[in-house]
Ligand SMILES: Cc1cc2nc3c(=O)[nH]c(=O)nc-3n(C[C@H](O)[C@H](O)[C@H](O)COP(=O)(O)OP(=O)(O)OC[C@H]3O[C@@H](n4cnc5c(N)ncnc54)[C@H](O)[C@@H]3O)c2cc1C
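The chain below stands alone and is given in structure tokens; this is the form predicted alone.
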Amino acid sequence: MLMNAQAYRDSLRAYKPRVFINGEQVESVADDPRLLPGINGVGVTYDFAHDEAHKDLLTAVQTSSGRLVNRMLHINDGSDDLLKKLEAVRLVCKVSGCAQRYLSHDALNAIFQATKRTDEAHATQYHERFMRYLYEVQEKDLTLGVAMTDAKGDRSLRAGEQPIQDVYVHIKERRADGLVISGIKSIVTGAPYMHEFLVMPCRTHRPEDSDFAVCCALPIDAEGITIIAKPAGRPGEEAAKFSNKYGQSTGVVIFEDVFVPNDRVFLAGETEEGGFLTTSYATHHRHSCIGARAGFGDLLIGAGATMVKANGLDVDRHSHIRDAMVDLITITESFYACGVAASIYCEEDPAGNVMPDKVYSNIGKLLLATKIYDMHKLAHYVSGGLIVALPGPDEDHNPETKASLDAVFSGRADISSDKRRDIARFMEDLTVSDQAGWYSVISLHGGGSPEAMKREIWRNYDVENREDLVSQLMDRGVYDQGQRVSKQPGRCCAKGCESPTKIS
């Protein structure tokens, strides 16, 4: 069953999670206006699955079951699936800023791989359990929150060395019918309006810290779970031309003696496979992040071009504006191109799904993480200072000031002052507000810090192949003092080298 956005919102009423926002307990997640922009963002992934123009991207047939499922819950079969997922994420994020649900996809694909690997190494039955869970999630068309980033405590200490064990989620008790877990996950995207949480380890643990290598699924309202969240976007703010409708809440999720039945346990102490799960998820997620931030880049490019016109400038005559717009386009499309390359050069995993190329995925994510501030700077450059100088919306209808402000907001004769004002506030919302800061930080650290991406690039890039290339050139004499020295045919060329004829 494929839900639409309204059905998704209604489905949240069946859950009674313990959620706090700004010190107040939320009575109904589905009806709290502080969370509506986040619910709207996820809702885009549901509605587009029914839209004739988009459902080829937002739906897929799950090969193992033959079911039509939402793309955000699909286990990828090949390169085409990865390309469509990348395009789907860009599509929904150019509408919503960040549609959030692609994290469900990334976690499901990583757990699919890790459970298969764990079964083969330890003769467990995790993969069969997971497949039953996967089909249930796909059938109900659920949205899953990824509870991965532990609080971590003192970063210089490993999990088992922490004076407060709950800074990492861990197995507190092993029972015949399941596990009891406790601990804190500090950054959970969209936490209040998920259906379930996928609890996953956030790093590789040592064998002596096996209780921290746990992966399981829990309904959002399981007994013992508390969510402390931020509002999503800027709900109710008239000046927030974008984020009053679309935004994202993040939450701290506290697990206090939470029972997990065996059929929802997918890893329970297998540290090596837990490390594999962490890095596999990171690759899938960084690939998705590329599509997400390309969608955000589309918003900046569109807003920038509209602002340029409203200001009465012409990119064909004002080359400095054109150059800034081209730079913004180049940044956006260059990291997106890495996502395309990662899709095309994917690797088939022994579990049966495909993994985006690790090097291209991490390069693309590193580019967007470090260039997000340049994207904002370029958007500011082409927009001018009006985006931070204009008065608030309370003045828009003030008869004492409206006439003067209309003159301030006027630009090109064919563009109304109201439109110039609105696009300026739209750009302010995307690049100057607290939500703009959120987009920057989530781009920098979401899916891991830039340092983590650099490690993955270095670890997976075939440097030895390049070393061998140079060694072969040196053996052939090509590299010796910058000239070819062998005349033996086939050694450096088909005929052998001759001294150049002197030109008189």
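In this text, residue numbers run from 1 along the sequence as written. Bear in mind that the values here come from a model prediction, so they are computed numbers and not experimental data.
Not on display, but discussed next: the form predicted together with the ligand.
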item: Answer option from V188, L142, L386, I225, heavy atom within 4.5 Å of the ligand in the predicted bound form; value: V188
item: Selected contact from R322, K419, K152, K172, since only one has a non-hydrogen atom within 4.5 angstroms of the ligand in the predicted bound form; value: K152
item: Residue contact check: V89 to the ligand in the predicted bound form, 4.5 Å heavy atom; value: no
item: Residue contact check: M72 to the ligand in the predicted bound form, 4.5 Å heavy atom; value: no
item: T124 within 4.5 Å of the ligand in the predicted bound form, heavy atoms; value: no
item: 4.5 Å heavy atom contact, W438 to the ligand in the predicted bound form; value: yes
item: Partner-facing stretch of 447-455, 41-49, 58-66, 25-33, counted where any non-hydrogen atom is within 4.5 angstroms of the ligand in the predicted bound form; value: 447-455
item: Any residue of 118-154 that, in the predicted bound form, places a heavy atom within 4.5 Å of the ligand; value: V146, A147, M148, T149, K152
